[in-house]
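One chain comes next, on its own, written out as structure tokens in the form predicted alone.
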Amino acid sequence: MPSAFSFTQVTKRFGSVCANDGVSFEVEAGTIHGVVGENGAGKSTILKTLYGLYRPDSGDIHVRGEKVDFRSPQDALARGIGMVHQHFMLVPTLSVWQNVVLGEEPFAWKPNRAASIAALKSIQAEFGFSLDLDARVETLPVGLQQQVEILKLLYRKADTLIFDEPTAVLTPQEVTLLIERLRKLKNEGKTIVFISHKLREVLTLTEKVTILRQGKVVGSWQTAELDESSLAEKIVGRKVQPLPARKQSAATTPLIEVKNLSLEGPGRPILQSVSFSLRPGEIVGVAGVDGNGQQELIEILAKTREDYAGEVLWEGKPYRAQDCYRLKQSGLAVIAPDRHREAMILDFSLCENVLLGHHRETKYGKRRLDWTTVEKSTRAIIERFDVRPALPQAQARGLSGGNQQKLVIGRELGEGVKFLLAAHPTRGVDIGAIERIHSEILRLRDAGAAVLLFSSELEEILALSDRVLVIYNGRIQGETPRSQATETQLGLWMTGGAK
């Protein structure tokens, strides 16, 4: 089978950090090829050199057998190479068709709307898309926004499509639909490169897998030769340990009580009489398709909104009577759903990000900040969670998404946590980091902390939870002990099925 592209001894450095170290591998045309590895292994970097976002320091890149030297994504697109990034490159206030033609307008002064719409309708019919081309992107759910990104590449006639963590922000239903679309694209002759940490999806979708570790290629295998256990071992370089046996909470008095919580939205209720409790030493998982009130419930419990009816109690005392600082002093820790918007400042250093929300703690100084102690704490987090690169003064923007997530979790899972509000804690992190994060959450639970876990991954919910709630249309649709929970029953509740 002919080659779509290949790397030969490609090296890419960022200052003292070697992101890619002599990387060599080939992707065959018309196949779905997986690229996997730990956070910071160099997966996104090597493919960004193919897409023209970075230029390699040394080594060669060949596209369809011809050596290339791309200086920009425009160069790559001109040769049929396109990339869908983990964080979408869309203008929210523009329509679908405007986003698609942006930068590729048929006429210099005024886009030819009729011609663009006709071309896009033809592409949608060919590949099975059904986007409203006049809809503003900001009104679309995440799954449809991702379709806009794919449509942008098809409009530019890309025949090699790189997907960087495409399922990280999708619901299970959207993941299934994406996998169907990728198979259809492959059947239409496209070459698909699939970067992912979700091993089950890699094994289901791809035909061949290349594994990177610490910037180097470990090897390439036919997917049929691998199973989930062997793939995980090759990625981390050791056997992945099972979760420790769970301990039953002996507490009977709730730490957190949510009573008849309701919230009105534009034209419809967002939360409707939500009630549940959470005991010390217990993990309660909240499953559900995104958009059913989880975000608003998280915001209420994280103390970022107060416009609700009903009552939330912490050890019998109302939330409304306490500010964020007092709750944090009492033991609240929050892993926010969106690390970029709610948990980090990307232009800050790792040290400065570790300080966010903790700057009043006396260990960092009483009258002025003790930056030596801040850096010491940052180095401890870096070592404990294997954050790469291990540079406390590095800008957070320069870290991969998974390493950013590990830094945030390391900051939040510190001493004195009594209530952990964890929203998608392992989104975008590798199998080794998932193992560490899950172990740390269980350690907190076994130490007596109460954990409320929001996740779109049923596998994660079932692995960690002592009790499972399912939220649908702003209501608690079902509740079950973990021992009685099944994916079938949870899936039924998630789509509004009977209790």
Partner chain sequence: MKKVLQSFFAPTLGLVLALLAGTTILVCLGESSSVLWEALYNVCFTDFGLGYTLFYTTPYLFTGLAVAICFRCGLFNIGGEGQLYLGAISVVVVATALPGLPSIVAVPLGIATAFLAGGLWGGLAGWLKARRGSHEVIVTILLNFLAIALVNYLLLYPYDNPHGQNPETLEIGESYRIPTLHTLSSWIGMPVFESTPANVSLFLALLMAVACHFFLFHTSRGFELRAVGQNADASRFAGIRVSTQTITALFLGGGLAGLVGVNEVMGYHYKVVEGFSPQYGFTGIAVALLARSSPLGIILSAFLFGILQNSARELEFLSERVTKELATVIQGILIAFVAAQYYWERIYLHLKKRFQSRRQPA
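Positions refer to the first chain, counted from 1. Everything quoted here is computed from the prediction, not taken from an experiment.
Omitted here: the form predicted together with the partner chain. The next part is about that form.
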Q. In the predicted complex, does each residue in the set Ile345, His359 and Lys366 place a non-hydrogen atom within 4.5 angstroms of the partner chain?
A. yes
Heavy atom within 4.5 Å of the partner chain in the predicted complex, from candidates Gly401, Gly281, Gly331, Pro337, belongs to Pro337
The listed residue (Ile298, Val286, Val209, Val274) that reaches within 4.5 Å of the partner chain in the predicted complex by any heavy atom is Ile298
Within 4.5 Å of the partner chain in the predicted complex by heavy atoms, the stretch out of 299 to 307, 254 to 262, 173 to 181, 125 to 133 is 299 to 307
Can Cys324 be called a contact residue for the partner chain in the predicted complex at 4.5 Å between heavy atoms?
yes
Note to self: Taking any heavy atom pair closer than or equal to 4.5 Å as contact, tell me whether Ile381 reaches the partner chain in the predicted complex.
What the structure shows: no
Check your understanding: Counting only non-hydrogen atoms and a 4.5 angstroms cut-off, does Leu355 reach the partner chain in the predicted complex?
Key -> yes
Please check if Trp221 has a heavy atom lying within 4.5 Å of any heavy atom of the partner chain in the predicted complex. no
